[in-house]
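Only one chain is given next, in structure tokens, and it is the form predicted on its own.
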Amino acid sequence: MIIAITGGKGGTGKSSIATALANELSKRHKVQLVDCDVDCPNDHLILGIERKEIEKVYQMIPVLDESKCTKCGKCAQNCKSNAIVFVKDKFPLFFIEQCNGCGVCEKICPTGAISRGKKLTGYVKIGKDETSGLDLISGEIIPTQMEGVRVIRKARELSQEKEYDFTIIDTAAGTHCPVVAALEGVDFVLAVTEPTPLGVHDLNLILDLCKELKLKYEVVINKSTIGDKNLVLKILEEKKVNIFGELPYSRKIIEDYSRGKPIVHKNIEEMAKKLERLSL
């Protein structure tokens, strides 16, 4: 079973819930955790797992052969990321940092003046908790790089090479393309929120995304004993979405988190049991 842990707002405890559930399920099952928050992967820090690089991820970049270029400007006209600037009677200028590697410029060029180069955009790393047997796959983009989707898809691809009882996908916050890529093909989504106006606003966005993607989803309320839980309940009632579980605000949880320890709590145990029942 593939379960995604996501959330519209950063800081709601998404990674804390993902690592806690992966840790709890690994006591009884073969479990894999895939950290798809490639801008800032931190699951390995919470679990105290050392990672090693197993694969580099590259992005296509255009390379211009000026001897073949007729200065027609079609490459710039069709570049949706505005990475190509064209001035009449001049060779096009390519801004590689803006390029998303779609390859349209290569395909549209009538003289074959544009070929494929590549640049390093990120890495996939792996690690293992030797005590529990939990496997970790972690995607990580190079700072300043914009294109994280390729890294996420490579991490997801590598995660399918072995059989697991449970694969937990920890997505980035938000509803942008990297989150959509991380949610592709999952069986069930847990949207983590907190009972605050900001948390509820962004929960609304992530629930709309899950509905648009036709995914099965429920909500986990983190820090449920602070703030105004009624804000969350109102949204869930309007959208007819179930609460999967709650985790109270706890000093012990905060202390464990600061020491790099996964959450251990009876409510996490209950949520893990619910996932086990769903997988049957």
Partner chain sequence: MKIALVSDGESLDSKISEAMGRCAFFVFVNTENKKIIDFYSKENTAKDQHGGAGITAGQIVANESIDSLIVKNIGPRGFSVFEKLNIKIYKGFDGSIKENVEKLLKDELESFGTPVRRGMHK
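Residue numbers count along the first chain shown, from 1. Remember, it's a predicted structure, so these values are computed and weren't measured experimentally. In this text, the rigid core denotes the largest set of C-alpha atoms whose superposition between the two forms falls within 1.5 Å.
Only in words, not in the display: the form predicted together with the partner chain, which the text now covers.
76 is the sole member of 76, 102, 198, 126 with a non-hydrogen atom within 4.5 Å of the partner chain in the predicted complex. Scanning 208, 97, 130, 184 against the partner chain in the predicted complex with a 4.5 Å heavy atom cut-off leaves one residue, 97.
Using a 4.5 angstroms threshold between heavy atoms, residue 71 stays clear of the partner chain in the predicted complex. For the chain shown alone, residue 160 is not a contact residue for the partner chain in the predicted complex, no non-hydrogen atom being within 4.5 angstroms.
In the predicted complex, no heavy atom of residue 115 sits within 4.5 Å of the partner chain. Using a 4.5 angstroms limit between non-hydrogen atoms, residue 189 is distant from the partner chain in the predicted complex. Stretch-level contact analysis of 104 to 112, 81 to 89, 132 to 140, 161 to 169 against the partner chain in the predicted complex, using heavy atoms and a 4.5 Å limit, identifies 81 to 89.
Applying a 4.5 Å heavy atom cutoff to the partner chain in the predicted complex picks out 146 as the lone residue from 120 to 156. For residue 142, the Cα coordinates differ by under 2 angstroms between this form and the one not shown after the core has been superposed.
In this overlay on the rigid core, residue 86 has a C-alpha that sits 2 Å or more away from its partner position between this form and the one not shown. Remark: with the core as the superposition reference, the CA shift of residue 66 between this form and the one not shown reaches 2 Å or more.
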